[in-house]
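Only one chain comes next, encoded as structure tokens, the form predicted alone.
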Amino acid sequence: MRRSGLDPPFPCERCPLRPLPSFKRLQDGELAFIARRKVGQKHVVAGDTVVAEGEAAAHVFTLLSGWAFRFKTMSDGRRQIMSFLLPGDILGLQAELLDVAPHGVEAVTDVSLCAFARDTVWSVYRVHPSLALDLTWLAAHGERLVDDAMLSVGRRTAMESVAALFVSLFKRAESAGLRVEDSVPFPLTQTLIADALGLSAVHTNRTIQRLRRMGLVRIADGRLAIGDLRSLRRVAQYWDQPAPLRPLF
């Protein structure tokens, strides 16, 4: 049965993300609680809107598969990408707390999202304090990604910015179980990279080509491989701390 345009929910017990070593194990009763709050599955094709900027969101989502991005637009159509979203990321918390979405979300690839009732946040804080802490962690994690993006736009050079983005996305994709041999999926166009880093498309292209010539990255057939992660981090001046196990809602 469809509810508000949603497909039947994917069973939480069969979630392909939960067994991955980067995600926290749930305590007794938490998985059943999450499953009860889940109202369906949403599928969005590449290029379509997941959450409309400035509109009330009907649900809170966890991205199950595919890539998306958060963005804000100016009145003349200029767009700033705030962060990229990968499997395991949560979206819609701001709309839940502020009544409307302060940013939009667009699908880069076809995406599948687990949809939760709009009052889920309040229910979690009332019933499951440990899950409430997990939601807080996820919100803080999303803020940290925006902080990194702000540093790139405001202070990093173009070379540092592109290198930092590649390192971050490679590590995040790896933690989401997307790494195969030495590469991860990389569906981003140079326009999307430019919109995320505040660069022109031409400058972005030249910077990526320079990183390629240095042997630090390889992008081919929609996949990204990093030749020397330590060297790329040094170029980016990007030394993130070892990440704790991630909550998965």
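Since the model is a prediction, treat every value here as computed from it, not as a measurement. So that there is no doubt, residue numbering starts at 1 and follows the sequence shown.
The following text describes the form predicted together with the DNA, which does not appear among the structures shown.
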Seminar exercise, completed: With a 4.5 Å heavy atom cut-off to the DNA in the predicted complex, the contacting stretch among 49-57, 64-72, 198-206, 29-37 is 198-206
For this session: Spell out, yes or no, whether the shortest heavy atom distance between T109 and the DNA in the predicted complex is within 4.5 Å.
Result: no
Exercise. Is S130 close enough to touch the DNA in the predicted complex, meaning at least one heavy atom pair within 4.5 Å?
Worked result: no
For this session: Please run the contact check for Q41 against the DNA in the predicted complex: heavy atoms, 4.5 angstroms, yes or no?
Result: no
For this session: Using a 4.5 Å heavy atom cut-off, state whether R212 contacts the DNA in the predicted complex.
Result: yes
Problem set entry | in the predicted complex, the one of T136, Q80, T157, S123 near the DNA [non-hydrogen atom within 4.5 angstroms] | T157
